[in-house]
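Just one chain follows, in the form predicted alone, and it is written as C-alpha cells.
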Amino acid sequence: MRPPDKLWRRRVASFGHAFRGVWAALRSEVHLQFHALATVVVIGLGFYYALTRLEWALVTLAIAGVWAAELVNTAIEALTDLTSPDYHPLAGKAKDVAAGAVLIAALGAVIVGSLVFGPKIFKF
C-alpha cells in the first residue's frame, strides 16, 4: 500500500524547506559559520586519525547536537525579535536560555572532542 502522490510531494517539499532553513541560518549567523568551520576541521581530523566507528558516532552526535541547538537558538531569536521588537525582560530571558543551550551543547562537544582526539594528538 503506497501513500498518495500528494503526500510524497509534501514530504519531499518539507525536506526542501528544512534545508532552506539551515542554509538561511548559515548565511546569516556568524556563530553557525564558526560551527561549520569547526565541523569541517573535526571531520578532517577524524579521517586523519582514522577514528573507529564508535568514535565517529560520538563525534557525529556531538556535532549534530551543537548544530541543532544553534538552529533552535536562531529560530527562538527570530521569533522573539518578531513578537517583541521592544525590550522585554521575558524576551531577553528566552534569548539567554536559548544561548545557554548552545553553550551546554558546545561544551559537551569539546569534552567529546577532547576524549576522542586528545589521546591521538598527545601521544605520550
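Everything numeric here is computed off the predicted structure, so don't read it as measured data. Note that residue numbering follows the sequence shown and begins at 1.
As for the form predicted in complex with a small molecule, it is not shown, yet the points below apply to it.
Contact annotation for residue 84: at least one heavy atom lies within 4.5 Å of the small molecule in the predicted bound form. Within 4.5 Å of any heavy atom of the small molecule in the predicted bound form lies no heavy atom of residue 71.
Contact between residue 63 and the small molecule in the predicted bound form is not found at the 4.5 Å heavy atom cutoff. Among heavy atoms of residue 55, none comes within 4.5 Å of the small molecule in the predicted bound form.
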